[in-house]
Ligand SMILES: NC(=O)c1ccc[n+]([C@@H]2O[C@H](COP(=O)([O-])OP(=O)(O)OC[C@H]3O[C@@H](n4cnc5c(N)ncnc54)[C@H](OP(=O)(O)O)[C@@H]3O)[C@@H](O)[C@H]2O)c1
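In structure tokens, the next block holds one chain alone, the form predicted on its own.
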């Protein structure tokens, strides 16, 4: 069975873990405060889940989800993620993370920053423009009329394909934005951000997104 290493156990990480174990995945989840602080969450998730350090979660996962504040990207373990697909859920909140000039100027993306930090990994944008509670609530079977769609972006086709498979299992269609350099289109304050939209609507919203806010 596939194991997902989750680095970050906040709202998004917890909801991805809940849906993953429901679907039969094994989950190794971590946060910055230590495995013992995740006892209640792991008890809720059941026998398919265990708590670990970020390095242990990275090593255990067949692929990983990084869902930490942008300011914490330097703390994401590098070596255990080498050669693996890594899903990035981040958005740039300068009020929380501090101003990053390259992001302010539209010269970089949050997923691109993670890819630079993980040069031997294959980063893909995922689950960044949906409210966390909706990850477990809004999914519907493939073929459902107006099925909600989510976006991904990656420099690696196999990483984008994994996200598309996971989205489908979670109950969502996929719109591929292209390379990581285009991942800003689904980020904060843009037309596609945290609204319910089908694939056609998402494609339209991504196309009209402004590069800087």
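Positions refer to the first chain, counted from 1. This is a predicted model, so every value here is computed, not measured.
Form predicted together with the ligand: not shown, discussed below.
J.: Okay, which stretch from 112-120, 78-86, 139-147, 91-99 lines the ligand in the predicted bound form, with non-hydrogen atoms inside 4.5 Å?
T.: Among the candidates, contact is made by 91-99.
J.: State the residue from 59, 70, 49, 162 whose non-hydrogen atoms include one within 4.5 Å of the ligand in the predicted bound form.
T.: Answer to the contact question: 70.
J.: Should residue 11 be counted as a contact of the ligand in the predicted bound form, where contact means heavy atoms within 4.5 Å?
T.: It does: once the ligand is placed as it appears in the predicted bound form, residue 11 has a heavy atom within 4.5 Å of it.
J.: Does residue 31 make contact with the ligand in the predicted bound form, using a 4.5 Å heavy atom cut-off?
T.: The answer is yes: residue 31 has a heavy atom within 4.5 Å of the ligand.
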